[in-house]
Structures are given as structure tokens and as C-alpha cells.
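Heads up, the chain below is alone and in the form predicted on its own; it's given as C-alpha cells.
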Amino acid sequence: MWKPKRYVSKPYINHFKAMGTIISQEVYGINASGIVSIVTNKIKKLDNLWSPYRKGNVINRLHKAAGIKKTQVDCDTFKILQEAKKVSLLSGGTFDITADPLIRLWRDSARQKTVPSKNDIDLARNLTDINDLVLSDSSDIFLLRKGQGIDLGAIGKGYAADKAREIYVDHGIRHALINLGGNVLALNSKPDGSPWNIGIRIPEKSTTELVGYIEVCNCSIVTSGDYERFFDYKDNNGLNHHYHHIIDPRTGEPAKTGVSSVTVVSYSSTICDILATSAFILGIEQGMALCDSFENTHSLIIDKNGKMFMSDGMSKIFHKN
């Protein structure tokens, strides 16, 4: 018996730059273009608040006020700091937004193609302590010691994706996909009821080929890897060293666990963002155990040799190329 095809509207597709990456939206529904504009403006607002390169924003003000006085912050900043502190305490010190001194140090080193001294690393590491971030009920924030700061690079895009979902839902959108440079959030299924297919890259700097794809509906997918932001350094003995951007707050140096990339799937993009970084730093066994401790959360870890390790839940939705 012939059945009419289900009507599927064309998506409104938009691309813009924010949070240090290209952000794309694919949104279905009435007034999709208007809702995309609302999401775009919200993400740009968050970027202006949290970018380490914006003078006078809340991140800059927190750094200047550290050890001196409390800082009144907006609702979004207070919420993200609350979430970050809560999960940081569960991560065994691998996720810590007060690692700003370390991240600044290594960011400057990457620009100059040099390696920080052990003394500079130790000084920055000693300023990293999530317990020094004091949150009051009145949205006042206080960092206890001078020189401390906040870096939201491992959580900001996840929070922004979750805010995008809120806006889509509040405006009646039922099907959408947003990609914030590797932080992907899928709202429900595609309009025809099929899942979204999210490709996972081979974690090498010289290729964009995929190891496979993940079938998802109504969840977030975040990948962290050592192949996009890095610098290579040749020491006095002529030996080459590879330094990536994922800093282990416990050692003060780029994580060395034999991991090349981590992909996490869960409902919350904020949680995915945090866990992808923490699992990378913890390594395969402990990283997967951390992800498994969160309900309905799946992980895929690829080591330096290209070997894949995945949780039981991930094995049901991952398809190898």
C-alpha cells in the first residue's frame, strides 16, 4: 500500500565566528532564521563575557580583583562557575577552571615557540586551586589569592550549546543541530525521524578523515584532542617535542597519558565538555571510569597508536568506517 512521504522542511543554515571557532546551526521550523539570530547573539554575548582576549570583561575583572575584593557577576557566569566547581571536585583535580595562570603561561610559550621554566610552571601551578574560588549566594565571586584567574576554555562552548538548546525549545523548534567547533548538540532527531550522524575524526593533524560516525538523537557530542592546538619545540639536544593545549593542572604541563582524542556523548554539552578534557588527562582506564560514573554518558578514546576504546553504550551507537 502506498504511503505519502512525510513532509520535511528545508533547514535554515547559518555560520558565524565566536569562541575562537566557526559555529554552524542547522535549524528546522517556522521563523528558524529569527531563532538562529537569537542563538547567535546569545553565544556572542557569552564570548564577550568569557574570552581571555577581551579587556574589561568579567574574566578580566575577576583576575584583577583576585586576592583583593569580591566581584559581582552576571547570571550566566555565576551558573557556569557553580557547575565547574561542582564537577571539578569529582574529577580528581583534572578539571580546574582556576588553572588560568598555567594556561596563560603555556599560551605565551606557544606564541614564542619556547617551553616555560620549571620555576614558572611551579609558580603558576601553585596558584591553581578550585577551593580558592568562593561563590556567595548573592552572585559575588572571590578568588582568594593575587595572580589567580578563571579560564572557561574547557566548559564555555558546552554551556553555550546548552543555552542554544534552551532557546530552540523555548521558541518551539523541535529539530536542530549546532556545532561549536567540535562541540555538537542535536535537538531531537532529524525531521524525518532518523538520527543525526556525527563524524569522528582520525586524531591526526594532517588529515580530516573519519574513523567512523555516531548515531545520535537529542544529546551532545564533544571531542577533545591533541591535534588541533599545539606547537613543536626542538631542545638543545636537537630532539623534537610536541606540546598540545590540554594542560594537566596537577603537573602544570600538557597531559601525557598516551591518549590522542576523547569523545563523550551525554545529554548535557556542559558535562560532555568537562568530561572530554578530564578523561584525556586521566588516561584510558580512569577516563572511561569517570565518564561511566555519569548517568547515560558514553565515551570513545583513541590512543596514540590509533587503537579505539569505547564504553558499552558507545559501542551501540558508533559505526566504524
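Model, not experiment: these values are computed from the prediction. One rule holds for the numbers: they count along the sequence shown, beginning at 1.
Although it is not shown, the form predicted together with a small molecule is what the next lines describe.
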Exercise for the section: Report whether all of R54, V58 and G149 sit within 4.5 Å of the small molecule in the model of the complex, measuring from non-hydrogen atoms. Expected result: no
Fill in the blank from the handout: Given 212-220, 93-101, 74-82, 114-122, the stretch touching the small molecule in the model of the complex at heavy atoms within 4.5 Å is 93-101
Practice task
Would you check, heavy atoms only and a 4.5 Å threshold, whether H245 touches the small molecule in the model of the complex?
Solution key: yes
Problem - G153 within 4.5 Å of the small molecule in the model of the complex, heavy atoms - result: yes
Practice task
Give a yes/no on whether I281 approaches the small molecule to within 4.5 Å in the model of the complex, heavy atoms considered.
Solution key: yes
Problem - Any non-hydrogen atom of P203 within 4.5 angstroms of the small molecule in the model of the complex - result: no
Fill in the blank from the handout: Contact with the small molecule in the model of the complex, heavy atom within 4.5 Å, among K190, R145, H171, R107 goes to R107
